[in-house]
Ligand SMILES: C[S@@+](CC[C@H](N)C(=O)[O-])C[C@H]1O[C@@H](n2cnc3c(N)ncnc32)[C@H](O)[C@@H]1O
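First, one chain by itself in structure tokens, the form predicted on its own.
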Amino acid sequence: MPRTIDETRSRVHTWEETIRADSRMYARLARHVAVRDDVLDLIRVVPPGQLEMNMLLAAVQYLLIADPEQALADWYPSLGGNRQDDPLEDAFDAFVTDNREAIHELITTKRVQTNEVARCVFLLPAYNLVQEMAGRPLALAEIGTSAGLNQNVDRYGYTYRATGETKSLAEDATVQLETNCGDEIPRHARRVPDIAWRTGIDIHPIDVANEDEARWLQALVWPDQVERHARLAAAIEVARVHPPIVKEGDAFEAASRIVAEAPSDNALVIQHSFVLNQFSKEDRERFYHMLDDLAGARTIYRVGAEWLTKLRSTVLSVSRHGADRETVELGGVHHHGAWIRLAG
């Protein structure tokens, strides 16, 4: 049953508080939407598990990318716009009114499947830790892979910055990622991991070779974060040269298939970021126990980066699944990779 307008308004306020430090433009639009009952009525039908403002704003940008001559595009840096003045809200209202039917179709049929490649800055040290623990190259399987862009983690370049030190990897790569490490660069952020096999699973796979699907992926990136747009465009080009493997399925259905297909002479890593937060607590525990059972004589490593607390803090962890499951929290990370604070 759709949420009420007041329930949706409360969720919009919470969303605005969460993202205001990352996007002034989207925080501004969220505050505006919260007082517009007509727009709240439109977005209250967003399916469970999806965030109303993410869906609305992605739908708007998706339509603008297809028709950048619309007046609202003048406020979108992602489309070359540079206006920041007061008529933004009026232009937004006019666009939503004119495109209400198309927006309704998008927000009820698509999903938030952001594929933020900058998250590779914290996945890389986690993978290196697993490789050190296992003593073998990795077989990488990503749950909730979206378009699979993070499967190309070993084909990107990295710059890790700490107080008084900078470490760069693969400086000739076309995709360059950078993060702030605080006082010290983690020991496991000093090399590119060896990945011998890779695959990805998603309930609704995105194929970046399809222009329409690539446009939706671009629409999910906030318009005032032009560096993220440039990164995504570059990562899509890498993916068209090195196509990720993206298979349709859910985590429970796919896990046994992954274990059966992954080469036995590689260390199997099942990775997920901002996926298990969409599971119930009971389903998360069921997933963990299933991996324990599937491991058998073979250890399954799990790398996770999730928002699983009310504090909205992203924790990076590495788990070893088997008869004696063990989980190590490596530290906190920014959800888009802007900074990492990892031990060791």
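Numbers for residues come from their place in the sequence shown, where the first is 1. Predicted model, so just to flag it, every value in this text is computed and none were measured.
Same protein, other form: the form predicted together with this ligand, not shown, and the subject of what follows.
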- Item | this ligand: the contacting residue among N128, S273, T179, N152 in the predicted complex [heavy atom, 4.5 Å] | S273
- Heavy atom within 4.5 Å of this ligand in the predicted complex, from candidates G81, G157, P243, G144, belongs to G144
- Task: Look up in the predicted complex whether A189 has a non-hydrogen atom within 4.5 angstroms of this ligand, and give yes or no.
- Result: no
- Task: Report yes if any heavy atom of Q278 sits within 4.5 Å of a heavy atom of this ligand in the predicted complex; otherwise report no.
- Result: yes
- Might T108 be said to contact this ligand in the predicted complex, defining contact as any heavy atom within 4.5 Å? no
- Message: Quick check on R231: any heavy atom within 4.5 Å of this ligand in the predicted complex?
- Response: no
- Using a 4.5 Å heavy atom cut-off, indicate which stretch of 171-179, 234-242, 98-106, 196-204 touches this ligand in the predicted complex. 196-204
- Would you give me the residues of 89-119 that have any heavy atom within 4.5 Å of this ligand in the predicted complex, in order from first to last? Q113, T114, N115, E116, R119
